[in-house]
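Next up: a single chain in structure tokens, the form predicted on its own.
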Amino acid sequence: MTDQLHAVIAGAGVGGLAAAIALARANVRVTVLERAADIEEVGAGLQLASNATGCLRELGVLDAVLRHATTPEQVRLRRARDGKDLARMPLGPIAELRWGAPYIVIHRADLQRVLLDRCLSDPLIEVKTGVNVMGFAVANDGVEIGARQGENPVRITADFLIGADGSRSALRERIGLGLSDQLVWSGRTAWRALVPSELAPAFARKLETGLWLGPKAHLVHYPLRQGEIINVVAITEDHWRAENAPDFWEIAGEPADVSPRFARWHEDARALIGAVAEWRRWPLFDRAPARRWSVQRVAVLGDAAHPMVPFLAQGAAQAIEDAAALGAAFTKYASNVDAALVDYQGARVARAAAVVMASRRQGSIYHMGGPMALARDLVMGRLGPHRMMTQLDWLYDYRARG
């Protein structure tokens, strides 16, 4: 081994690429292994609150991200039945002033491309595609990783290994973290779509994040790419089971699968849902929070560590927090891998667990019906913008190095 540490990261999603950037800033040489042959444009919109964009600023990539992002002026909550406003929370410049960084929305592919371009331009980072990590062996001074590139076996030696390989992480299972705490089916499905702006109703083109609340369902929408497209997410309670489903973006859904579920909603919501030509079905899973994310010289981050339901829009944000914390740990401990991974785990486990559980609770609140929904609506109306923002301070006002 040389004096400079070498890390291998399994997975070139948002978390894996952000972790590579963070580690390189800590003077760690990084090899990113992605099992897909190409890193393609998949997915749809992401909301990145100030906790995530603050970390992107620490990683030196926020300015590049902002060139592809949209900054909503507010979050507008409406009642599904009649379209009545329940609450409005201002964002725009106020988010930066209150939480120290902007609140943005961005296409996942645009964010991933910015992160990938930064990785490809960094001499400390190498990205290899078409390489599937199969296993590893830990020695006193490092990790030997076994992988396959097509039909060819590949062996790579590194000082430590990071699993950023998603909610069905093979590395998580191989270090014993995925055996007793299996993925939990939430009973809900997210239906995702992108609508050309000219086909969307006027209200959906406004520079805001719209959130509609109804019994056993809710709807989210916001414009992306300078208003060229509208991101639409309809989340419904569902009895369909999906333990063996393929990658979420490959599950097609037809308008007839979705529109009847919103037949009694306000005409604005129905118009937006009716503008969708094709949906993508994403079954929602999470996992009970784990007490540890690392064993010896192997650790996990992002969905491999803490898959969560999207009711706080924090999945990508928490992966970015993980990445920033990992880089901060190696900046602090330099060549001491064991101490750095302990520090990373200590900084992140409780925080991510709190977000996982809060996301579960938020889903129950969003999908209330009957008298409980009436009570929820009254509370939201009385909170006002300032108290709504105060309730989010714990989540949005976060810094990896703070």
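We number the residues from 1 along the sequence you see. For clarity, every value in this text was computed on a predicted model and none was experimentally measured.
The same protein also exists as the form predicted together with a small molecule; that form is not shown, yet it is the one meant from here on.
Proximity of R35, W282 and Q314 to the small molecule in the predicted bound form is complete: all three residues have a non-hydrogen atom within 4.5 angstroms.
Contact check for A164: a non-hydrogen atom falls within 4.5 Å of the small molecule in the predicted bound form. Looking at N132, you'd find a heavy atom of it within 4.5 angstroms of the small molecule in the predicted bound form. A residue is said to contact a partner when one of its heavy atoms sits within 4.5 Å of a partner heavy atom; E208 fails this definition for the small molecule in the predicted bound form, lying far away. By the criterion of a heavy atom within 4.5 Å, L177 is excluded from the residues contacting the small molecule in the predicted bound form. Here is the short version: of A200, V258, A190, A290, the single residue with a heavy atom within 4.5 Å of the small molecule in the predicted bound form is A190.
Among the residues A325, C119, L213, V233, the one placing a heavy atom within 4.5 Å of the small molecule in the predicted bound form is V233. In short, of 67 to 75, 297 to 305, 327 to 335, 91 to 99 it is 297 to 305 that has heavy atoms within 4.5 Å of the small molecule in the predicted bound form.
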